[in-house]
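In the block that follows, a single chain appears as structure tokens, in the form predicted on its own.
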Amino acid sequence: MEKTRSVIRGVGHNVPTQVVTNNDLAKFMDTSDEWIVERTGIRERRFVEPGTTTSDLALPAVQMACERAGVEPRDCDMIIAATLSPDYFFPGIGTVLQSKLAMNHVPALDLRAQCSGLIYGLATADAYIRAGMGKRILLVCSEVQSPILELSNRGRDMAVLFGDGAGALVIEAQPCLNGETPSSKNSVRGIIDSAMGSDGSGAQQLFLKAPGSTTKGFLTQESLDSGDIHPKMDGRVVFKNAVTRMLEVATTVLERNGVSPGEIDLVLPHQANLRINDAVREKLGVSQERVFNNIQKYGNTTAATIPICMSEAVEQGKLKEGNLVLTLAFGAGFTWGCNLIRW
């Protein structure tokens, strides 16, 4: 069988028009712009209008990605969707998107890797393409998180962090001419390598407990009153693990591909906390101008952060064909990972 490679042909994004600043949040809780910026780097985020679903938010991102790839959604033969905030508890948004995009009856699956959704999704798409099970795959990362945030002093630590947003990629199978696969040592476009990991012992350090099967009755008045329907996090534990695991997985991938940090053209990290990204960048030895951050504008859009970064970096001319790119993420689960890509 002829060797194939996975090439990102198009990327797109979509964010709500409603801007919510730190000063806006200060009307609901004891916080300030200075406090939030100092600890997270976030200045504002976007919230959807009531009634907008996760799949709704994804549609313009898909259209943008397809236009840039020169294809229609119906030209894709698979959907991979990454979200922690689906339209329904079940089914996932993959099948909902298949219907809304009027696509053929292609397979659609959802990944629950939270903030590592793009990493896991890209690795999964690459595996399907290399195995000959997909020719053009639509990867969608979309989140509507504002409805689950508790805008009060009790929910302050989480409420200031998150926003809504969506990103999408069209990933296409292309032949490896003369059997030459993408590598850090050649100019062949495609996904070079991926690495992922998890540690479920940290699940309750960053989670949303209810509704769920650990709650007797699945969803109760008690879980509503206690705030179990809102996300919770041990910030110090998550910060320490994020820096450690992101550095670890990046080092692993760079070393096994013979790449020095100075050879990376652009690092696209998950946008959870600017201090985390700066710490990883410094320990990895990558200069600041080769790391793309936009957390200042959007906050943490979970699975959507990296594709939004990709799309904006393309628009700004910071991500160009031939660039050697490293994606990097850590999230709830715990999950983490990275992809090495020749753009």
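This one's a predicted model, so the numbers in the text were calculated from it and none came from an experiment. All residue numbers are counted from 1 along the displayed sequence.
Below, we turn to the form predicted together with a small molecule, even though it does not appear here.
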- Message: I need the one stretch from 309-317, 62-70, 31-39, 45-53 whose residues put non-hydrogen atoms within 4.5 angstroms of the small molecule in the predicted bound form.
- Response: 31-39
- Counting only non-hydrogen atoms and a 4.5 angstroms cut-off, does Ile276 reach the small molecule in the predicted bound form? yes
- Task: Spell out, yes or no, whether the shortest heavy atom distance between Gly202 and the small molecule in the predicted bound form is within 4.5 Å.
- Result: no
- Query: Closest heavy atom of Arg156 to the small molecule in the predicted bound form, within 4.5 Å or not?
  - Reply: yes
- Message: Taking any heavy atom pair closer than or equal to 4.5 Å as contact, tell me whether Val249 reaches the small molecule in the predicted bound form.
- Response: no
- Query: Which of these residues, Gly235, Pro261, Pro211, Pro107, gets a heavy atom within 4.5 Å of the small molecule in the predicted bound form?
  - Reply: Gly235
- Note on the structure: Students should find that, of Val267, Val160, Val170, Ile93, the residue having a non-hydrogen atom no more than 4.5 angstroms from the small molecule in the predicted bound form is Val160
